[in-house]
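What follows is a single chain, given as C-alpha cells, in the form predicted alone.
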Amino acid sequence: MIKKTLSFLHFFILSLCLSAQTISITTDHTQLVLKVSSQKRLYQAYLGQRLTDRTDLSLLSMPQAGMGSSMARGLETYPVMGTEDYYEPAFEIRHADGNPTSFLKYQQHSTDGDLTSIRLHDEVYPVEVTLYYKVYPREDIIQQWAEIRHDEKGKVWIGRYASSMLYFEAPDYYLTEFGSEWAKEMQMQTEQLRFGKKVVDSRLGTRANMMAQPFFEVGLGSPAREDEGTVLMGTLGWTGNFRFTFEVDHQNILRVVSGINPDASIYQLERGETFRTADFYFTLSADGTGEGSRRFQRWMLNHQLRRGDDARLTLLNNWENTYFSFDEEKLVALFGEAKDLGVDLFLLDDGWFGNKYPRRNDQAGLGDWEVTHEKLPRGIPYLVSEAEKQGVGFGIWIEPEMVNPKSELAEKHPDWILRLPSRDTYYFRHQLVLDLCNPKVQDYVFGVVDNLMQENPSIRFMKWDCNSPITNIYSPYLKDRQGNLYVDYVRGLYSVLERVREKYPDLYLMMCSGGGGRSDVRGLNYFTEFWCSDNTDPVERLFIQWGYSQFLPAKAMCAHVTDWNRSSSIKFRVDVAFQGKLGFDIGLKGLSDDDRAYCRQAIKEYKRLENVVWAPNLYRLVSPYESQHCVVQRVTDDKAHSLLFAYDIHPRYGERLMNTRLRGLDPDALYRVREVCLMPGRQSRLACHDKSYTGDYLMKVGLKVLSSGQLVSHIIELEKV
C-alpha cells in the first residue's frame, strides 16, 4: 500500500513538473505554446490557431538542429547576442566586467487571469529578464513586453531590448509595410521576404512615423488578402523610434523581432532599475486582414483608445482659413460660422502666442505660451466666452515640446534644449526640441496645458502638435548617458501625458505631428484621436484612411473637409471625411448656398449615424489600390444597421462595373436601403434607393453602387425592417 502511494505521489509530482515546462497562452482563436528544454532554455513550440482542449501539448516537439546543418536551428523565445544562435537576437548586454553576453534560463512562471509572466535569469550574473504576455481573448490580441533588471555593482549597458520574438514556418512570406512621408502617410506596399533580413524602422525620435509607420502585416504562404489566408498583423506601442526585423533563415524559418530601435540607444541600466520595453501587440488571423482589422479596432475601442466609449466632437478649425493672420474680430466671426455649420467646437490653431517674439510665422515664439496682446488684447478667456455665447465649445492648438531659438524660453533656458555641444546647430522648420529627459522640462511642458486649463477651465479640446524630429541628439541633462536619450525622452513625454490625463480626464486631445508623424497605439492611450495627414485631398485621403483602417478605428482618425482638390465637389470631400472623425477647415463664405446647406445637413446625418460610422465591424469591399473605385462598409454589432461608402475616383471609359457584394449582415433579415447625404434638391439615382433586400441577397448578389463618373460618391444606409 505504501509502495503504491509513493508511486502515485511520484507520478503526481512528475506530472506537475512536466506541466510546468509547457506554457500555453491563448485567446479565443489563437494559441502560443512555449516549452522549457532540459537545459532550462525557453523555446517557442507552437503559434497558430487555437488547439482543442483535448490536444496533448506534450506532443509539440522541441526545436532540433537542421538536417545536414552544423548550426542549431533554435526557436528560443528571447535569444541573446553572443550565444549559439547566429541570427538576429532579442537581447544584448554588456556586464560590468566587460562580458558581452548572458545565457537566460527559465526560473519560474505564473498566470494571473489574462496575464502570464515568465522569469528568466542568468545563472552566473545577477541579471533577470521577465517576459510578459497579456491576452485579450475576445479581440484575439496578444500583448507582449519584457522587463530587464540587474544587481551588478558596476556599469551595465543593454544594446538590444526587443519586446517580442516570434517564429513562423510557411512556404513563403509576404510583408506589407506602410511607407510614409509628409502628405503621403500610410502608403501600403508588399514584397516577398526571402533569405536574409528586412528591417522597417525609425530614427526620428519625436516625429518618429514621418518616414515609416509602426504597423506591419505578414502573409504566411501567400500575400496578405482581405478576406482569406493566414496573416500576422502587428504594431508597437511606442511614441518614438521603433524597429521591426524580419529574418528568413537557412531553413526558411521566419523570425519577427519587434521593439524600440536600439540605434544610438545603448542604454546604461542602473543597478536595481527595471527597464520595461515597449508593448508589442499582434493578432494572427486565419481569415485575412479584414478579420485582423476588426479585431484591432475592437481592441482599441474597448481597451486602448482614450475615452474609447465616448462620442467625439465635430469641429471647425481656422488654420486653412486664416493661417497666422487673425484677430479677435475674425475669430468671433468664425464662431458664428461654426454655429451655423452645426459643429460642436471651434479650434484655434497656431499663431495666438508670443509677445517679445510674436508668433507671426513659424520662425519665432514657440515656447512662449502667453497670448499675443497686440493680436488678442482680451486674451483666451474672452474667446472662450464668446464661443460659448454662440453655443460652440472652444479648443486650442499647442506645440509644447518645441522651441524657436527666437523666443524668451530659449534665451532663459538654453540648457533645456536638445542641442549638440561644440557643433553647428541644425534647425528643422526653424525650431528645436526641448529636453523631456529633464524633470524640470517635464514640469514646464505640463504647465503649458495646466496654465491654459487653470485660466480657461471650460476648454474642451487641445491639438497637441510636434513638427520636428530630434535633429541635435544631445541632452545636457543626461551628460554621460546619451545612449538613454531616445528612450528617456519618450518616458518623459509619457510622464507629462499621465499627469494631463489624471488632472483633466474630460479634455479631448488630438495627437498631431506635421501630419501623421505620430500615430502609435500607446500614444492613443493618452489622446482621443490623431491627425492622419496634412494632405486633405479627398482622393489621397481614401488611400491614407484605407491604410490606417488596417489597425485604427474610425473614431480616432481625424478627417477634415478643406479646399484641397477643388476639382472635387464639396459632397465628395465631405463624404470621404464622413468615414472618420469629421471636422472642417474651410471658409464657409466661399461656398455656394447649396454647398453650405449640404455641409449643415451632413453634420446632422453624421451625428445621427456616428455609432455606425465608428463601429469596429469594418469591411473593405473595393480597394483603391486595385481599381479606380473604393467601397467601405461598417456594420453595428447587432447587424441591424450598416453604412456603405462608395467612391468613384477616375474610372476608365467603358469600364465594366460589377455589383458590390456586402458583408457582415444577417442573411435572414430584411434591410431597407436608402441613399443619405444628398445634395439639396437632388434625388438619388441609385436603383437600390428606398428598396428592401434580404441580407442574403445583399451579400450574395450585391448592389450596383459604382459608376463611370469622375469623383462621385454615395453614402448608403441599411436598416433592418
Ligand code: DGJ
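One rule holds for the numbers: they count along the sequence shown, beginning at 1. Quantities reported herein were computed from a predicted structural model and do not represent experimental measurements.
There is another form of this protein, the form predicted together with the named molecule, and it is not shown here; the text below is about that form.
- Contact with the named molecule in the predicted complex holds for none of Q143, F244 and A278, as no heavy atom of theirs lies within 4.5 Å.
- This chain is displayed alone, yet in the predicted complex one of K463, R160, R518, R312 has a heavy atom within 4.5 Å of the named molecule; that residue is K463.
- Only one of D349, D85, E540, D122 comes within 4.5 Å of the named molecule in the predicted complex through a heavy atom, and that residue is D349.
- Taking non-hydrogen atoms only, W397 approaches the named molecule to within 4.5 angstroms in the predicted complex.
- When contacts are judged by a 4.5 Å heavy atom cut-off, E226 does not count as touching the named molecule in the predicted complex.
- In the predicted complex, the named molecule sits beyond 4.5 Å of every heavy atom of W546.
- Though the partner is left out of this view, W531 does reach within 4.5 Å of the named molecule in the predicted complex, counting heavy atoms only.
- Note that among 385 to 393, 297 to 305, 607 to 615, 506 to 514, the stretch whose heavy atoms approach the named molecule to within 4.5 Å in the predicted complex is 506 to 514.
- Looking at 467 to 488, the one residue that comes within 4.5 Å of the named molecule in the predicted complex, counting any heavy atom, is N467.
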